[in-house]
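Okay, so here's just one chain, in structure tokens, the form predicted alone.
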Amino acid sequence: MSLSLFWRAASWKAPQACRQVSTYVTKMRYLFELKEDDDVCRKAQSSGMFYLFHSLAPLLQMSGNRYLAPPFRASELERLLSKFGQDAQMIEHSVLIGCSDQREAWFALDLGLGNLCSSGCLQKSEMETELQGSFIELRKALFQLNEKDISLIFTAQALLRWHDCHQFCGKSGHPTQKNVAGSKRVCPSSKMIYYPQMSPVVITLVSDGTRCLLARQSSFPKGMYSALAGFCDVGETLEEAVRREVAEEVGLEVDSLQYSASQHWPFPNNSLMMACHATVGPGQTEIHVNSQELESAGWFSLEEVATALRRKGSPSSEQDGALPFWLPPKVAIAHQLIWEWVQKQSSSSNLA
């Protein structure tokens, strides 16, 4: 079908006269308004919900074997700040992180970043007692977070960190000013506008047709292997970054690649993970590990990977004292890549 015919068909399926504005569109338009209009956003703060952090660690409460991130209404937050001798004006340091379908705005506020506290930061232990929760480092709580909270907490920490690290203009050196939503910072002197940024990262699962290549860095938890990953260089396409990273880290040349999905990831510093599957030629599978990048890497069979995917919870030593090989948990896009590969291999085996 030609492009022109495609567009005519698409137009016939969804005629303008019958088009209705979806809840999603309404929600996105409202979020845009909150980001662009300080008065509208300030009004939304008075009836919004707030997620609390202390020095970039989210406030969490344990529920069963999962952590929940409890939100607080503006009135509750004002009462809390007043109890600890803080002005309600501190709420202005919050950042917009989303809204509900009913247009209830959600914000995040860090109570422990020194540069946000005009009269002394609130003490972590006192706040935890009052709030009946704990401020837990995100890396430590990541795999036990309730799924519905993950995206909000990721967004909140990324924005809070960005504002903490970008308070001065790179051109004039003068302080920048945050808009109410926290969607940008402006330098009154140079008129430069700064927007929160993400670092593009490619994460790639390499296969030789029957096996997949997994690797580990020394910073990984013991026994954990994952897909290859690395930052994109300036001027690179996604495809070029994948080819370079695979060549750099394991000394292999990619024959073909296929994009899978993307994910915002808060580590090490606000990354956009772009996930791909890649293949190498059957006669080009000898691994040469770059020891500056990786601790080890190897080829793993379908049976090994499928067994690792079935393991639940944290790894534990087997009878011989060895730690079993294990994979990133479901919250990580690396897990999705590996699961997709297993599904494809299993289907091919069944067809054979």
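Values in this document were obtained by computation on a predicted structure and should not be read as measured data. Note that residue numbering begins at 1 and tracks the sequence as displayed.
Form predicted in complex with a small molecule: not shown, discussed below.
(message) Using a 4.5 angstroms cut-off on non-hydrogen atoms, would residue 265 count as touching the small molecule in the model of the complex?
(response) Within the cut-off, so yes.
(message) Taking any heavy atom pair closer than or equal to 4.5 Å as contact, tell me whether residue 342 reaches the small molecule in the model of the complex.
(response) Result no; residue 342 lies far from the small molecule in the model of the complex.
(request) Give a yes/no on whether residue 293 approaches the small molecule to within 4.5 Å in the model of the complex, heavy atoms considered. (result) Although the small molecule is absent here, residue 293 would touch it in the model of the complex, with heavy atoms inside 4.5 Å.
(request) Indicate whether the small molecule has at least one heavy atom within 4.5 Å of a heavy atom of residue 196 in the model of the complex. (result) Output for residue 196 is no: heavy atoms all beyond 4.5 Å of the small molecule.
(message) Using a 4.5 Å heavy atom cut-off, which residue among 226, 260, 144, 183 comes into contact with the small molecule in the model of the complex?
(response) Residue within 4.5 Å of the partner: 226.
(message) Just to be sure I understand the contacts: of 97, 246, 214, 203, which is the one whose heavy atoms reach within 4.5 angstroms of the small molecule in the model of the complex?
(response) In short, 203.
(request) Could you tell me if all three of 230, 273 and 332 have a heavy atom no more than 4.5 Å from the small molecule in the model of the complex? (result) The answer is yes: all three residues contact the partner (heavy atom, 4.5 Å cut-off).
(request) Have a look at 230 to 238, 127 to 135, 97 to 105, 155 to 163 and name the one stretch with heavy atoms inside 4.5 Å of the small molecule in the model of the complex. (result) So the stretch in question is 230 to 238.
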